[in-house]
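Before any questions on how it binds or moves, here is one chain, the form predicted on its own, in structure tokens.
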Amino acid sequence: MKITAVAPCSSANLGSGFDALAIALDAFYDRITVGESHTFRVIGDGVPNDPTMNTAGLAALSLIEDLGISRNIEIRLEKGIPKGLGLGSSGASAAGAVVALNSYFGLGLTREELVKYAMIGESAASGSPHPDNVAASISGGLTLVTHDSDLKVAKLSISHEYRFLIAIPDISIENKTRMARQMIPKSIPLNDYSRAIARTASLIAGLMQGDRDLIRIGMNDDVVESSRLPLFPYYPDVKKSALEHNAVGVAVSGAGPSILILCDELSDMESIRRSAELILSKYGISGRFVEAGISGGTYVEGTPISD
């Protein structure tokens, strides 16, 4: 028997929601197939031979060891999500692995349990477990994750049909996710903390109510994005231009380098695209642009999740 799970890409943070907010997008998907094998192994193009060095393998190991399940399985990755672009590629692999294993062994794991094991897999990419991307890939749509003592995953409603324009610069930064996380300040002034909370609340309220002004306020961040600007010097110019062409909001997607541009019917998406392309070229960077909508969550082929 073989089970194949399909996991969507995602964009985390959305500006002010660092490590808490993420949204699943229908731009790219990974396919993860679980089947019987004589030993535990993870295979696929560009996948490390050591399963602890890739997110799907590490997530799978954490699950089967914790639950005492047979290790005689093979996990095959078909990467449809580009790596290293801030689109949740590593998270999707981990999400797909745990969802496929859950179905393969009939475990009946809850959403929080799936996220718990998948986020452990993220350590292989970033050096620490973080739940935002995997929660969005598993649940679909917009997710809020809290993990004070117990991990909680809430799927939030969005009251408007937004479109996303993803600007994908053609650049590669070695160990980008680890580097980007290390650049974040260890402490911030109280005023910055207060402003960040207000912005995150504004973003959530705006998306739930369809209020573009609240969303635009919420997709600003002076803590995480500002600390990472040396990695993405083109970002402020792209953001300024997109907002001038009536984008709802703009943010670095995850740890970058991709830029997530939220658009509605008032946005001049074609002008946003042309202007961003010109700005990137001034920095000597080529790029591509992908339009996307909101995706459903990871599903086992033949049983798509629609909610």
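Numbering starts at 1 and follows the sequence shown. Remember, predicted model here, so these are calculated numbers, not experimental data.
Not on display, but discussed next: the form predicted in complex with another copy of the chain.
By the 4.5 Å heavy atom rule, the three marked residues V145, R199 and Q209 all count as contacting another copy of the chain in the predicted complex. In the predicted complex, another copy of the chain sits within 4.5 Å of a heavy atom belonging to G17. In the predicted complex, none of the heavy atoms of D170 sits within 4.5 Å of a heavy atom of another copy of the chain. Shown alone here, L107 lies farther than 4.5 Å from another copy of the chain in the predicted complex, counting heavy atoms only.
Another copy of the chain in the predicted complex comes within 4.5 Å of a heavy atom belonging to N220. This chain is displayed alone, yet in the predicted complex one of L165, L214, L77, A124 has a heavy atom within 4.5 Å of another copy of the chain; that residue is L214.
The stretch in contact with another copy of the chain in the predicted complex, judged by heavy atoms within 4.5 Å, is 154-162, chosen from 129-137, 77-85, 115-123, 154-162. Of all the residues from 53-80, none has a non-hydrogen atom no more than 4.5 Å from another copy of the chain in the predicted complex.
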